[in-house]
Ligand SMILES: Cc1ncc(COP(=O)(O)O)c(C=O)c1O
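Only one chain is included here, represented as structure tokens and corresponding to the form predicted on its own.
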Amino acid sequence: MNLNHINYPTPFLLVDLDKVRQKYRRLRAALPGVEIFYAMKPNPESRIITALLDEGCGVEVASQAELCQVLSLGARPSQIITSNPVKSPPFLRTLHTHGVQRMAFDSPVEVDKIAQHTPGSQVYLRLRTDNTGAEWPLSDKFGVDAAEAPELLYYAASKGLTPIGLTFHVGSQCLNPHNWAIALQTCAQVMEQVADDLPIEVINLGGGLPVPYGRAIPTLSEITDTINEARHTLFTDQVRFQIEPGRFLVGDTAVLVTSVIGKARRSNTDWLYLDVGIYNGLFDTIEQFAYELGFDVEHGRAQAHFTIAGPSCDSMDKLFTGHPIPDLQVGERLYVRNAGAYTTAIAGHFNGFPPPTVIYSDDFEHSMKF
């Protein structure tokens, strides 16, 4: 990968919007009839959201700021949902003002808030489900056990809300397709318990579709075949399905370009320092995400095992340990592939080091696809 023709100061994140569109189209083809909402938290760049809106994708928002952003980009209320089970009163009031009615809940307190600030909303209940096999489990902060679900659904109805559905999350970077089948079985059981009084119309499949980070992952078809078999076996044609991919739509559509700013040898360990670290662009490395690295060096350059660190003065700012790479020199570039998710979205200005600038391959005459 040679991006030296892009004479732009590092660090920068180079996004391929064509690949974003392709990922959306692949998912739409693999899950026919399933409504897709981009969970924008992994990468809220407006050009990405606009490209997906133009494709017919909806957007899942988690906060008032995200809602206002997508509205400013022309999203219609019917294209917006919020699956954050805990929403602030101001956020709820803004949802109500703009006619966004579909939202998640998972507690009686949330029901009371929704009924007060967005009366008459269509709500879907977040269920707790198995996250085994997910690289980033999400099963403890949100969701209720199936045994609690009927009572909560009836409570929502008693408060004037319309319980339209169920939702779950199998965990971020889920490597176990069976998790979706287990969750859908749980949904079917809950639906059966309330079928006489509350016909559930929607099942939201959440997120969790993985992208490669230097290790084997299930193929998209392995996951979607599992989902399709379960939804056609367990549910009637009257049940509609949604899905909220985040990382899947953007994770492998961008490359992070960074430069070496320092080298040292300490206690028999070779260290390499970059102009981007966990605080200003590579937060996911705290979970040992094995990003694939690329280099522009001559063939045959000697390799060494480096501990690679970020630029800040904090000792936690370490990215990779004992990583075998070419013996890069100060000023040379290193490429972090599949860096489109949770790179700029989480990055801050800690210690005065800025997040990567976002640029787009479309904007360069000799654009590089990756």
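Quantities reported herein were computed from a predicted structural model and do not represent experimental measurements. Note that residue numbering begins at 1 and tracks the sequence as displayed.
Another form, the form predicted together with the named molecule, is not on view; read the next lines as being about it.
Chemist: Select, from the options 215-223, 230-238, 171-179, 107-115, the stretch whose residues sit within 4.5 angstroms of the named molecule in the predicted bound form by heavy atom distance.
Modeler: That would be 171-179.
Chemist: Please tell me whether any heavy atom belonging to Pro42 falls inside 4.5 Å of a heavy atom of the named molecule, as the geometry stands in the predicted bound form.
Modeler: Yes, contact at 4.5 Å.
Chemist: Flag Gly207 as yes or no: does it have a non-hydrogen atom within 4.5 angstroms of any non-hydrogen atom of the named molecule in the predicted bound form?
Modeler: Taking the distances in the predicted bound form, the answer for Gly207 is yes, it comes within 4.5 Å of the named molecule.
Chemist: Test of understanding: in the predicted bound form, would Phe306 fall inside 4.5 Å of the named molecule by heavy atoms?
Modeler: Judged by the heavy-atom cut-off of 4.5 Å, Phe306 is well away from the named molecule in the predicted bound form.
Chemist: Might Gly246 be said to contact the named molecule in the predicted bound form, defining contact as any heavy atom within 4.5 Å?
Modeler: Because a heavy atom of Gly246 falls inside 4.5 Å of the named molecule in the predicted bound form, the answer is yes.
Chemist: Taking 4.5 Å between heavy atoms as the contact cutoff, choose which of Leu138, Leu161, Ala75, Ala188 touches the named molecule in the predicted bound form.
Modeler: Answer to the contact question: Leu138.
Chemist: Looking at Gln242, Ser83, Gln101, Gln79, which is the one with a non-hydrogen atom within 4.5 Å of the named molecule in the predicted bound form?
Modeler: After the contact test, the surviving option is Ser83.
Chemist: So which bits of 62-80 sit within 4.5 Å of the named molecule in the predicted bound form, heavy atoms only?
Modeler: The stretch does not touch the partner at all.
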